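There is one chain below, alone, in structure tokens, taken in the form predicted alone.
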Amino acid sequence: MAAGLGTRMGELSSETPKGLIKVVGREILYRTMKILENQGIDEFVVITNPLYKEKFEEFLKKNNFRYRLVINNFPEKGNGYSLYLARPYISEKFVLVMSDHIYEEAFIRKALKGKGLVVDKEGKFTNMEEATKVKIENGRVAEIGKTLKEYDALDTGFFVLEAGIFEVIKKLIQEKDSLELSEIVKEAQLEVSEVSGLFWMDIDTPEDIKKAKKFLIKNAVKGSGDGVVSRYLNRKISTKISEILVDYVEPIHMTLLSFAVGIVAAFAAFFSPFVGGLLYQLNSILDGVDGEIARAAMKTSKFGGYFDSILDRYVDFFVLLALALHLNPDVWGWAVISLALFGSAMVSYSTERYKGEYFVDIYKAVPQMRYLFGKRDERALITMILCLIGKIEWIFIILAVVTHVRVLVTVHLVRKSRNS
């Protein structure tokens, strides 16, 4: 449903329909359609008005969606009339969504298992005053509207319907000059399915866009694999950076920027470990931004993760090598340094090799891995702190011990999990 004019969006909707306004780098409608497509929806019927016909045509073709574009020449007749225009193209069970609603993937996956109108009894993320309220009796819609004083849930704008709904619409169309979707819902006494507590929003104003952006960036934080430093420090900063930059840069830009900061950190570390340590920690913080932007903007790629991991190994090696050259150690010092360098690489290799062998993320398959100390973010913070207090030699002693202990424990946990 994309026939509305979106007048409350101000200048944003004067040339662009609400569904095609970008939130964190992707059109609102793209998000919903792509998630639905990934869940098995194979064709889309998009109803819009003549003003936006060309823009939707361009959007749908560019993203290779299988679609039918239906033009509502009388949008003033209401969104119920818009739905009626889809009748010739629907003969079976179908999903109905609004083009100006954003849903997280978990919401859509759960909603697709329901029937009728999907409601939310919590409304954590929506404006309660603006939301459409629903009164429920015996599992069906009894009353619906924005002004209801007593209600049980909120209308999420997501429906799982049978083609028979068009008979109800046909009857109402014959009786009314204009028809709203809420009238159809009430007349049909639609069955209600509940999906509460998950993110969804009706994007009506520029303030809604800002609110949605905050959630999508926060929700883009890696679900597993972060060390304690990332969870409690780095992500607090990186998500703020991602929120500022997501509409202006691509993930690869941040990957290269992070790498550049890391290489500068290595050069600086040779002359001034104090500066090098600070820059290395900055590299560690920026290292999370590319992934956050990629996940929030639905631009993830296997190559992106692969390339980022390789660049991280180069940065780690060059920073530690620069600090070692600054120390100018003896033979025994180089032995410890070699163990630290090799161990740092092995931490990554031991986890990535698991994925290559068993085709699953080790942090999901072996939950205990989440609590093992020695990930890259933790090593970077240790390096920075010891650089700041001038204890460079202790960096290599600690890393030589921590990294190899971590690898040995990883092997033990893997063996234990695969044998259980």
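Numbers follow the displayed sequence, beginning with 1. Keep in mind that what you see is a predicted model, and the values were worked out from it rather than measured.
Separately, the form predicted in complex with a further copy of the same chain exists; it is not shown, and the next lines address it.
Engineer: Consider M346 of the chain shown here, and say whether it contacts a further copy of the same chain in the predicted complex, taking contact as heavy atoms within 4.5 Å.
Structural biologist: It does: once a further copy of the same chain is placed as it appears in the predicted complex, M346 has a heavy atom within 4.5 Å of it.
Engineer: In the predicted complex, does T239 come within 4.5 Å of a further copy of the same chain, counting heavy atoms only?
Structural biologist: T239 lies outside the contact set for a further copy of the same chain.
Engineer: I'd like to know if F359 sits close to a further copy of the same chain in the predicted complex, meaning any non-hydrogen atom pair within 4.5 angstroms.
Structural biologist: Looking in the predicted complex, residue contacts with a further copy of the same chain include F359, since a heavy atom lies within 4.5 Å.
Engineer: At the 4.5 Å heavy atom threshold, is W332 in contact with a further copy of the same chain in the predicted complex?
Structural biologist: Looking in the predicted complex, residue contacts with a further copy of the same chain include W332, since a heavy atom lies within 4.5 Å.
Engineer: If the cut-off is 4.5 angstroms on heavy atoms, which of these, G305, P206, P88, G197, is the one near a further copy of the same chain in the predicted complex?
Structural biologist: Checking each option against a further copy of the same chain in the predicted complex, the one that comes within 4.5 Å is G305.
Engineer: Within 4.5 Å of a further copy of the same chain in the predicted complex, heavy atoms considered, which of L321, V275, L148, A106?
Structural biologist: The option sitting close enough to the partner is L321.
Engineer: Does a further copy of the same chain, in the predicted complex, lie within 4.5 angstroms of each residue among T16, F59 and K62, using heavy atoms as the measure?
Structural biologist: Looking in the predicted complex, the three residues T16, F59 and K62 all stay beyond 4.5 Å of a further copy of the same chain (heavy atoms).
Engineer: Which one of these stretches, 131-139, 208-216, 338-346, 183-191, sits within 4.5 Å of a further copy of the same chain in the predicted complex when only heavy atoms are counted?
Structural biologist: After filtering at 4.5 Å, what remains is 338-346.
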